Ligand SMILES: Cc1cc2nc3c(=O)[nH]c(=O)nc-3n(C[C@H](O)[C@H](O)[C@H](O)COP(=O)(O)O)c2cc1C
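This document starts with one chain, in the form predicted alone, laid out as structure tokens.
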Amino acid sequence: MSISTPTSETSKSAKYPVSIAPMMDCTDRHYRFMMRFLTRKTLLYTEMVTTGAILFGDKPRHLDFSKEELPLALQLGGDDPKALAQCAGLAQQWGYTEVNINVGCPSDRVKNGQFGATLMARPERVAECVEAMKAEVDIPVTVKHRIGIDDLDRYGDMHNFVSVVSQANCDRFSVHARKAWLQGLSPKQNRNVPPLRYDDVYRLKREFPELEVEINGGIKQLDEFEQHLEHVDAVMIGRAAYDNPTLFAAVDKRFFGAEQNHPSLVNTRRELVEAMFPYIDSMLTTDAWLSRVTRHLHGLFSGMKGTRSWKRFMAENSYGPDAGLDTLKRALDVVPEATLDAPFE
């Protein structure tokens, strides 16, 4: 394998200091469309899609998105350089902003396929994949990984992984600051049982100042974003972005220097739901049930008066072929007209 030498320049300010992590069953196109009413600048990700699903399946189903979702990264699962390069080419053709390799997922599905977090034990293979993808596309190629897996969990193991992969000129390392136990823990447990080791990610940036390093794991508040950005280039938010989406209403101004109250954005939670009406109506004309879109709205009123009634109404009434916009309008009657930054009650 012929690998080019990485640049010796220190990394510049990240173009996307904040991103929302790829999450299975969460970051689909409906969720991403909703989030664009809260943030226009944050880098969004698709759910992980395997190379086989794209190359041998329904490409539009896996790759289509609305232009409003940009900037958007396609996350791929796989370990074959040729297949990943082909999918990267399709990602560029489809108009994605970036393409990312999953080297962090610990599920049985990826373990059996020898990709995801298992690839942390095969840094040379990851480097081959990155090199093949970069030879195919002009858009950035990035890697999302853990700080370690199983007994390969010392800082030196992660240092070696990044050292090898960086030789293929990987454009960004997004590091989940927890190790993954591939035996004995479920994917859900792997998101919160292994302890967070932020200092290891900070050290990685110090020792590889020329690389763009993004931190992920357990980050929930905007003040935490700023604390981490003192040590790394970017912050990736996972479950907090899904459970409390209005957290991102202040992100564009605070971290991207954008104007506050962009005229095309919304000011209240009710306005956000109503802004989704045309999109939902268009989805209902296809084979999508209301629940496929509105399940992403369940956390919109979290911590506020009426949130239990809102979630209960949506759970009981949005599932089924007869549910429509009238269902959603009736659901809004049980919650207050709250601003996006309204405090929890």
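Every value quoted in this text rests on a predicted model; they were computed, and no experiment measured them. Numbering starts at 1 and runs along the sequence shown.
The form predicted in complex with the named molecule is left out here; the points below concern that form.
Contact assignment for the named molecule in the predicted bound form, among Pro140, Gly217, Pro81, Pro194, heavy atom within 4.5 Å:
Checked against the cut-off, the match is Gly217.
Just give me the single entry in Pro245, Gly238, Gly148, Pro123 that has a non-hydrogen atom within 4.5 angstroms of the named molecule in the predicted bound form.
Result of the distance check: Gly238.
Given the named molecule in the predicted bound form, answer whether the residues Met23, Met48 and Lys144 all have a heavy atom inside 4.5 Å of it.
Spot residues vs the named molecule: full contact, yes.
Spot the stretch among 249-257, 209-217, 270-278, 154-162 with residues whose non-hydrogen atoms come within 4.5 Å of the named molecule in the predicted bound form.
Only one stretch passes the 4.5 Å heavy-atom test: 209-217.
4.5 Å heavy atom contact, Asn102 to the named molecule in the predicted bound form:
Because a heavy atom of Asn102 falls inside 4.5 Å of the named molecule in the predicted bound form, the answer is yes.
Using heavy atoms and a 4.5 Å limit, would one call His176 a contact residue for the named molecule in the predicted bound form?
Because a heavy atom of His176 falls inside 4.5 Å of the named molecule in the predicted bound form, the answer is yes.
Considering only 71-92, what residues come within 4.5 Å of the named molecule in the predicted bound form, judged by heavy atoms?
Stretch hits: a single one, Gln75.
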